[in-house]
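Presented below, as structure tokens, is a lone chain in the form predicted on its own.
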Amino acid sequence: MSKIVIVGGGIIGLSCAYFLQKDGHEVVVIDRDNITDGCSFGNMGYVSPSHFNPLAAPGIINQGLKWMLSSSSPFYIKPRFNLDLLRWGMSFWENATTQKMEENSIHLNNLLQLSRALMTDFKNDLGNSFDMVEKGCWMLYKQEKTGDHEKQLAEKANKFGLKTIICNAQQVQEYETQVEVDVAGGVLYLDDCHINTRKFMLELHSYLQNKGVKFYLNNEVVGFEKSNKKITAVILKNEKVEFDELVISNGSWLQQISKLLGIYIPMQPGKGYSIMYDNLENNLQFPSILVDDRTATTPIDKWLRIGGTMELSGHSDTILSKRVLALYNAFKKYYPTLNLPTPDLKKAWFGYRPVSPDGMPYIGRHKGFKNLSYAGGHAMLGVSSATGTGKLISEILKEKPTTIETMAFSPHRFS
């Protein structure tokens, strides 16, 4: 049995802790906050094998250039001179090719399908106290050109073994029985599911505490002790924690922690926003991606979350009201009769997605140290790939063959 420290208490870190404690290890989780907020709490809660194409894909650059300077667009870069952002952007550009996307989508699909299967195991182990809904997710579109692209993606999904239903506008409406839907059509991905991420995080945290996992919350990592190509301890503000193995899994702050070890990990925090509505008499029956507007919806019973956008502005707590209102306005275009009140901008949620230059996560050992592993950089797929990532980390630390090939997720692939 080893003592394993995990830096980062988001959904990835807790999923790693889940599998590592099952292997009999002594597990310690350190987080800069208190595990009551963050990107693992306010996101859309999708567990989506449908999202097999990485963020770095052909066409995203041209579309992004059109959007990037508009503060209300789905993609926005805050104008500033930042060498790290420029370096990240050049690498993103190099990876946004058809060949690279096709190579990476195979590995991302494997991770997402593994995670989807393991989420069912989590439900059975923890009990479905986190409202897991297994009915699929819509990709809805208003433009026929967009529809052609979505149908091509559906064909690719079918080759990966995923089940899809392609629908015209009338067929989409037949699924949505409580609200009017104004679209040209949609693709329903039947393998997708969604959860209440707040409930899931709180339940998993409680479960791990009961299993003996120790938590150091509201603790900032200020340094590490190293000896003979190994990291021997993590230094907090008021104490030192020694360990045998270190897993870095602290989301969009992964790059900053790595710098304390003399390691460069390309990463940008991609801010996303969401707004919540509760006690709705009529609600959506299915979650949906409103493809033309890059907006997502998550309904569970009488509550509804609307979210999206990708804002590269660093770790900034400033809420751009135009971006929040853009989500609301996009929703109204697709669901015109669901009369939601204008959102209270003071109550809008935001969180930081950890985005790598190729849209692929970092999972595995880093060659810089013998006992260092990474589990981060999942961009918008943290919930979708959390359980699979935790499983892979447990296998890697046991030095056993992994369930799926992990080379594409190597944490030193940009070294």
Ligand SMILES: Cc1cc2nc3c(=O)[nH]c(=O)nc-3n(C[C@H](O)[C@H](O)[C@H](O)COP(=O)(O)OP(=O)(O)OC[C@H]3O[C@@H](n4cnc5c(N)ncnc54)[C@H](O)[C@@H]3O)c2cc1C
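Numbers for residues come from their place in the sequence shown, where the first is 1. None of the values given here were measured: they were computed from a predicted structure.
Beyond the structure shown, there is the form predicted in complex with the ligand, which is absent from this document and is the topic of what follows.
Legend entry - Exercise: residue 369 in contact with the ligand in the model of the complex, heavy atom 4.5 Å: So residue 369 does not count as contacting the ligand.
Inset, instruction - Check whether residue 5 has any heavy atom within 4.5 Å of a heavy atom of the ligand in the model of the complex, and answer yes or no. - result: Flag for residue 5 set to no.
Inset, instruction - Please check if residue 220 has a heavy atom lying within 4.5 Å of any heavy atom of the ligand in the model of the complex. - result: Contact with the ligand, yes.
Inset, instruction - Mark residue 364 yes when one of its heavy atoms lies within 4.5 Å of a heavy atom of the ligand in the model of the complex, and no otherwise. - result: Output for residue 364 is no: heavy atoms all beyond 4.5 Å of the ligand.
Inset, instruction - Look at the candidate spot formed by 33, 43 and 381 and say whether the ligand comes within 4.5 Å of a heavy atom in all three of them in the model of the complex. - result: Looking in the model of the complex, the three residues 33, 43 and 381 all sit within 4.5 Å of the ligand (heavy atoms).
Legend entry - Listed residue that, although the ligand is not shown, lies within 4.5 Å of it in the model of the complex (heavy atoms), from 141, 130, 273, 331: Checked against the cut-off, the match is 273.
Inset, instruction - Would you mind picking the one in 250, 288, 164, 109 that has a heavy atom within 4.5 Å of the ligand in the model of the complex? - result: Filtering the options by heavy-atom distance leaves 250.
Inset, instruction - Note that the ligand is not shown here; using its position in the model of the complex, name the residues of 1-24 with a heavy atom within 4.5 Å of it, in sequence order. - result: The stretch 1-24, when checked against the ligand in the model of the complex, contributes 7, 8, 9, 10, 11, 12, 13 at the 4.5 Å heavy-atom cut-off.
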